[in-house]
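Just one chain follows, in the form predicted alone, and it is written as structure tokens.
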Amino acid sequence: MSLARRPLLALAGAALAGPTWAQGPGLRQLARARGMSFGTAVRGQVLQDDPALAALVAREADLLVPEWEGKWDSLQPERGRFNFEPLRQIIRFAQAHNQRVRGHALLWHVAMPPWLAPALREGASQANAILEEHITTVLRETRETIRDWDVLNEIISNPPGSDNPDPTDGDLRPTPWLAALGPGYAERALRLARQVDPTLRLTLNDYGVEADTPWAAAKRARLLRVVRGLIDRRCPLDAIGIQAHLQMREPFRAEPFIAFLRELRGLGLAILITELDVREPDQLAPSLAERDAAVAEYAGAFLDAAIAGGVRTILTWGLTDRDSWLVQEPGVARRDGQLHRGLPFDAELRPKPFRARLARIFAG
């Protein structure tokens, strides 16, 4: 443990024992009372090493998603050698605290172990066998403990103008899976998952569809075309995950987002907010209090629209600034040295206005 972390843990204990918010119901209870679910992404090793954070997760979250432990490089680091222990660690934590776990992610073009991409290039027959073995083995392992998986993660292409535009006008993102198996790979994965576990909720999870910008509107249209095509071909698909890595520099307007969600709902699909956090704009407010209030307002407006569009499950990508990828990942960190404050609790595990806004939303 670093010297910097030790005083944070001491302060965390004081925060959790405080008389104001910690003696009331957790977000999981507030959400459940409204017929909703609240959860967060977690890493098993962090839960083990940071007891104060683990206690906060146990109190606040009803639903856990493994941040890393359900991805290919964790589950199958070498071809044919599966390692489920890190994922089981999270499942055991959830069972001990009466929580549920959702899976993330069976098919993604990132977090691939070194052996996978070269193997996919050896031909469609081998690529299909690899996909079948992975999905079959993982779903048989988690049949009793995970009832919702992100089968498809980030398969929709990014239009021009977005942060990372793809060099294509097609709706599917260029990935090793698309190159190896063609545009039918998404349908193949969904049908295989349904065959292995007939009652599993099959989710397509993606990002970049939230803002009131031309590129977000274009990506919404692309996602809808892909989903309608799957439904028209009677492909099993139960839910859409909206990641909601929100960026305050982008405008948000409720009406187009609600209309988009209602189109998805009209296709018979559930909608989940799966990875909510907020990146602050380049120009920061002058004080932490004003920054936190602005984050809560932006996230709250988005969540009000999401709920109006039919969302009943909300997960944040981490619960605190202490373990947030917004702080740790250079690609999304602030360039000015300031740290994003885009989650409900700060690095000392103290609640911010974001947490209070979530509580008000769940209280109706």
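Numbering starts at 1 and follows the sequence shown. Small disclaimer: the values here were computed from a predicted structure and weren't measured.
Keep in mind the form predicted together with a small molecule is missing from the figure; the text below concerns it.
Figure note: of the listed segments 86 to 94, 196 to 204, 101 to 109, 248 to 256, the one touching the small molecule in the predicted bound form, with heavy atoms no more than 4.5 Å away, is 101 to 109. In the predicted bound form, the small molecule sits within 4.5 Å of a heavy atom belonging to E67.
Although the partner is absent here, F38 sits far enough away that none of its heavy atoms falls within 4.5 Å of the small molecule in the predicted bound form. At the 4.5 Å threshold, heavy atoms of K71 reach the small molecule in the predicted bound form. Using a 4.5 Å cutoff between non-hydrogen atoms, N153 counts as a contact of the small molecule in the predicted bound form. With the partner omitted here, the residue from N158, Q76, T142, Q243 that has a non-hydrogen atom within 4.5 angstroms of the small molecule in the predicted bound form is Q243. Contact with the small molecule in the predicted bound form, judged by any heavy atom within 4.5 Å, is made by just one of E275, D292, E210, E280: E275. The candidate site formed by W177, Y185 and E187 is entirely out of contact with the small molecule in the predicted bound form, as no residue has a non-hydrogen atom within 4.5 angstroms of it.
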